[in-house]
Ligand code: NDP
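One chain is shown next in structure tokens, namely the form predicted on its own.
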């Protein structure tokens, strides 16, 4: 395999591998987003160095990825600072890429933030937006997500604030992350009643092990409001690669203290056994397990984009090939996957 780590140390060398990146509409909006996107959670300003971050973003952009995902809470704001420095250095045309931020937790997290430094109240949403713009070194955010629902703030206040930010040109689209279908529809109801701009997209977790929300709970609102999705954790934080079956390495994502909640929930014997079988099936198809898992997500027509995370160029190079092989997932292959997973959600009988 070509040494991409060495290649990208020389900024004069472009990523040679070309992909036929496909683009999908973000819900019912006219915005075209690459079917695979790039996220900086855990990695930027935290797990990897800035040079590696730069090389990863360069590889992603050269491969046709046009959406980079971020949030105020990621590395306490450092993730956005790193990404902003890269965007400034690369000097890519601003109309060629999409960048996001998310608001709710504050940069210090819920426990360490003061009441006005978190949540979805007007004060925090507006101030967090301004801070994200400065860290990312951009004049506007393409996508701005409410990172979690806020039980302490009236939904009307949040919807009005997001609408006003769009009217001011500080954001272009707003959406939600890890909201329920009911909460999303409440936002739509408030927006329609007051002639405001509705949320465009939701960012849920979706992978072979976590399916209920995307496949069942959101099924109706995909039809009614044309919800776009920017799904995270297509590899179930690495479980679907099969590597956790061999033990918990210090460099594994779920070994990190801040992800203990995900480890406790997902690193269980049943999931590890399923992952081993997915690895075996991928090998039969001449694929890697990550490629199979990502391609499986791409086969869902309600997925607007799959957010890829990587700490190494070789990982990103491997995962990018999922778009090329998704057509290998025939009905027969999907049936084999379902036999392994045994977790296909049941739709209501109406």
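Remember, it's a predicted structure, so these values are computed and weren't measured experimentally. Residue numbers count along the first chain shown, from 1.
We do not show the form predicted together with this ligand, though everything after this point is about it.
Among heavy atoms of residue 101, none comes within 4.5 Å of this ligand in the predicted complex. Interface membership of residue 318, defined by any non-hydrogen atom within 4.5 Å of this ligand in the predicted complex, is confirmed. Although the partner is absent from this view, residue 124 stays clear of this ligand in the predicted complex, with no non-hydrogen atom inside 4.5 angstroms. Shown alone here, residue 310 lies within 4.5 Å of this ligand in the predicted complex, counting heavy atoms only. The single contact residue among 159, 86, 235, 201, judged by any heavy atom lying within 4.5 Å of this ligand in the predicted complex, is 235. Contact annotation: of the candidates 188, 213, 148, 78, the single residue with a non-hydrogen atom within 4.5 angstroms of this ligand in the predicted complex is 148. Partner contacts here mean any heavy atom within 4.5 Å of this ligand in the predicted complex, and among 57-65, 23-31, 41-49, 279-287 they occur only in 41-49.
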